[in-house]
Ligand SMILES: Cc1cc2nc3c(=O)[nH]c(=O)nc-3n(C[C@H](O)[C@H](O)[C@H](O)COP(=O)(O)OP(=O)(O)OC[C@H]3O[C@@H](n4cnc5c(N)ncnc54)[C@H](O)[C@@H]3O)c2cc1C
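As a starting point, one isolated chain is supplied in structure tokens, in the form predicted alone.
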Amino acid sequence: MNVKYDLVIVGAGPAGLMAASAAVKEGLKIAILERKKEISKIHRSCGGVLNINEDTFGEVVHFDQGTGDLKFVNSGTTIRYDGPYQDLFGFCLYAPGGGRIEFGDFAELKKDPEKNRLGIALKKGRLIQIMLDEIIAAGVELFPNTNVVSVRKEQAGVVMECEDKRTFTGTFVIAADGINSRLARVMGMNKEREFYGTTRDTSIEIKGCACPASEGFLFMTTKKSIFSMIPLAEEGYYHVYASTFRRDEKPVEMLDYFLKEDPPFSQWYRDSEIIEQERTACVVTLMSPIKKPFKDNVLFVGDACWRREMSNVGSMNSGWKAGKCIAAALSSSNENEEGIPEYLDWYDKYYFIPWGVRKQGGRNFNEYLTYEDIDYLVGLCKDKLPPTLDIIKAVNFIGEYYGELMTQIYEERPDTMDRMMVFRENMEPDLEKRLKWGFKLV
């Protein structure tokens, strides 16, 4: 079997499905290749959150709670969603003693959720199924349980050979195969990328929680590690995560400690029920974003070209733009890089230049600061910081706020300031340790 398509998309996640949705409307013959058998089943740790009402890589999504419509303002497209959801109103960072830094006043924001929500936790599998049904009805051919193992450019187009020896040919290919992209690896796209380490993540689903700020994305610093929690689509259900770069730590044991032993956080879960069948895990190799996400008529979108998860909105936005630009290239018979300058310029403007060139360092601050230090520093934040679900914005807000407190910290806690300076000076050595624990995919 070797059918020629205008566009072959590898990966049926949010980015790949949005690319198909955009391109099929332009009359393209499209195939989607997906390695999973059950495409809408979520196997890896994923919160299923969509950013709402906040600029995300140049796109803003509005959610109509009456109709369930997800309206992408700048691309002009709408996705139907008919499943359950919960609102999120910002980040909340907890110190070991229970003090917290809040990004926004959740109590006030909740009074007008349609206006103030910054995200919704939804059933990602349900959203994927809705998108799948729509593109199949429009004529896209879907090939589940199809694992691409090699890619080569020939005169006839881009040829992909699969594990089962089937081959597919496309004039263009969109690589939307996720954070540890096989296409990026086999095409040599990772060779020039900087390696930042490998994380092992484990998550559980729980029912019931006594957390006082449950409508946000929470990070909890403990004596063992930093944990996180986020609401799920159904009211009263949450994902709790453990993540580590270290080979001598076991995420499952870390989670057990957090839920059952750590004061004060274990008190939140005293009456909770762990949904055992919903335990998930993943291994993520962190690399710098791909500077130019195009090679031999293969265009990389979403997580396949990014440093970690691009966010659902960022991935969907890039997929939609890729589908539109490839359709325009084929329409004008520019069946090469000359046909997609609009996409590459757009990627530079909204993705790579503002976010992709940032360097990463090792940030093991809890190995330098005592837990009393962290409690003290969190306690200095007497104000609600601006509401956001953008982690880079949140880091910048913290930097600006504490930049004004440096003199006070030095005067009140000179030992704390000394440890903060040592932490800052050792970021590069910490990164080197992290790299030795991990492995780069080349």
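Note that the coordinates shown come from a computational prediction; the quantities given were computed from them, not determined experimentally. Position 1 is the first residue in the sequence shown; the rest follow in order.
Heads up, the form predicted together with this ligand isn't pictured, but that's what we're talking about next.
- Although this ligand is omitted here, in the model of the complex none of V8, V158 and I290 has a heavy atom within 4.5 Å of it.
- Looking at 247-255, 342-350, 368-376, 298-306, the stretch with residues near this ligand in the model of the complex, meaning non-hydrogen atoms within 4.5 angstroms, turns out to be 298-306.
- This chain is displayed alone, yet in the model of the complex one of K124, K71, K224, R100 has a heavy atom within 4.5 Å of this ligand; that residue is K124.
- Contact between R182 and this ligand in the model of the complex is found at the 4.5 Å heavy atom cutoff.
- None of the heavy atoms of T167 is located within 4.5 Å of this ligand in the model of the complex.
- None of the heavy atoms of D262 is located within 4.5 Å of this ligand in the model of the complex.
- In the model of the complex, T78 stays away from this ligand, with no heavy atom inside 4.5 Å.
- Contact residues in stretch 67-85 (any heavy atom within 4.5 Å of this ligand, taken in the model of the complex) are absent; none meets the cut-off.
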